[in-house]
Each structure stands twice: as C-alpha cells, then as structure tokens.
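Just the one chain here, the form predicted on its own, laid out as structure tokens.
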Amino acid sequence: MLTKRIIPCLDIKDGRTVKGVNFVALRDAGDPVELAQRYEVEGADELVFLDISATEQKRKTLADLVYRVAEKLSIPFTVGGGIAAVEDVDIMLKNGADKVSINSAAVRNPALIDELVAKFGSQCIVVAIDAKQIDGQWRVHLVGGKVATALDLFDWAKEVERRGAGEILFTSMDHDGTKNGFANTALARLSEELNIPVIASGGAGEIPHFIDTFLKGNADAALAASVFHFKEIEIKKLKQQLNSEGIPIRL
C-alpha cells in the first residue's frame, strides 16, 4: 500500500476561506494565508486552494492570493477555480502552485486536458469531479455544483485518465459538509477502475471516516476542510491514529 496523504482544502470566496454543507450555506473559516501556514506546521501532506466562485463569476483565480499562500508553503500546493486555458495554468504555476485543478472547463472541452498535459505534464494536472446521485446514478455537476449534467461519474473519470490527467479529486456533493463519512462505495469503484490516484472529498467528520476511506474506499488521499479549519480534528493526532491502524502515512 502506497503512503496515504492528508490534504486540507481552502475553499476561497472573495479572498476568504469559507465552508458550507452540500455546496451551500457558506460560513467564514478564516484567512487563507494564516490557515496555509498553520497546516504546514501541523503536518499536512499537501494543500488544495479552490476559488469556488471563480467559474460562476467568470473571472480568474486570485493570482496574488495564490502567491501569498505559496510563499508560506513547502508542501505541494494545488490551485483550482476558473482555470480554463494554458495561460491560466501558466499564471498559477508562476505564482507558486505545484499543480492545478480543472473541473467545469474540462467537461465543456475535454481536449483541454490533453492540451494541458502536453504542455505541463500529467503530474501538474488534477481533474476535480463534483458529483451527486440522481435516480441512483452518480451525475457530474459543474459551476460549483450548480449545473447538473447527464455525464456519468465513472465514465468521465475513465476518460479523464485516458486523456492523461495525473489524479482525480472526487467530491461527493451528497456527503459534502455532512460529516457523516466519505462516499466509500463510489470511491472503491473509482479506485478499482482507474490507475491514477483518487483523492476523496466530502463527508469527513471524525477520525474513523478517514480510516474507512483508506481501507474501504481505497482512496489514495483524503481531503477535508471544516474539521481542520475549526480544529475538530488535529492532523497530527489523525496521522498517529492512521499509523496505528497500519495505514502508511508520513508522520
């Protein structure tokens, strides 16, 4: 079993870190630069920064904020939100991002994945997939979960892999912010059908949820927000517990 990763996520709206439930009812969670610094000290393996209103508002990710966050980090840093072209990725990487995450733009133009992989390499390109169950099927959603599509989660994930993406960040909209655990059945299927890493997102509420997503969901990494932002779970304690369960983790 490869070493698993713990990844705090900074959802950014209007320059502040926010967190909601099922993609709505957002509340303030603090200054992103201060939070990034804290997670570096606490032992996070990576950090994800998602400007959640960038696509909806049709503007670019806040490059200056990315720069200020990246200045405080030595761990890998992924940036997403409003990224839709080669020049967007170039700006983020020049401002300190190690990887970029694309979502809505990739669904609307799948060839964008090929283009970005050819230019920057698979290791730089993460495809985020937001999905929820509709009539028993996982359907991909766009624009921060506001626009439903007929696209099947598993079909899209396989296409993303074929086009060269380095990893997938799967967020279950049904589980997001509920703190009832990750979508482990869907995660296990993704992990079985794909050869690239799958990051679990949506539903973390307590340490056993992380244990389950690694052992039952076969996730390669687990991403969470509010439980870390509001200090409901300490990363150091979480990692010690994972280690005691025999899950390989960087201590």
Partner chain sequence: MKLVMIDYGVGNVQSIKFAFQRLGVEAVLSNEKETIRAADKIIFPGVGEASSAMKKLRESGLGEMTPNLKQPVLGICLGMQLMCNSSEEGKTQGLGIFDTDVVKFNSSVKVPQIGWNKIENLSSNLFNNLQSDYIYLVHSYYAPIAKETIATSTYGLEYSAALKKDNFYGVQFHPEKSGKCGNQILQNFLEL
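Numbering follows the first chain given and starts at 1. Bear in mind the structure is a predicted one, so any value in this text is a computation, not a measurement.
Keep in mind the form predicted in complex with the partner chain is missing from the figure; the text below concerns it.
Looking at 137-145, 79-87, 176-184, 117-125, the stretch with residues near the partner chain in the predicted complex, meaning non-hydrogen atoms within 4.5 angstroms, turns out to be 117-125.
The listed set I196, L215, A63, I207 contains one residue whose heavy atoms approach the partner chain in the predicted complex to within 4.5 Å, identified as I196. Contact annotation for N95: at least one heavy atom lies within 4.5 Å of the partner chain in the predicted complex. At the 4.5 Å threshold, heavy atoms of P110 stay clear of the partner chain in the predicted complex, well away from it.
At a distance threshold of 4.5 angstroms between non-hydrogen atoms, E71 is in contact with the partner chain in the predicted complex. For the chain shown alone, L151 is not a contact residue for the partner chain in the predicted complex, no non-hydrogen atom being within 4.5 angstroms. Of the residues in 237-251, those that come within 4.5 Å of the partner chain in the predicted complex through at least one heavy atom are, in sequence order, I249, R250, L251.
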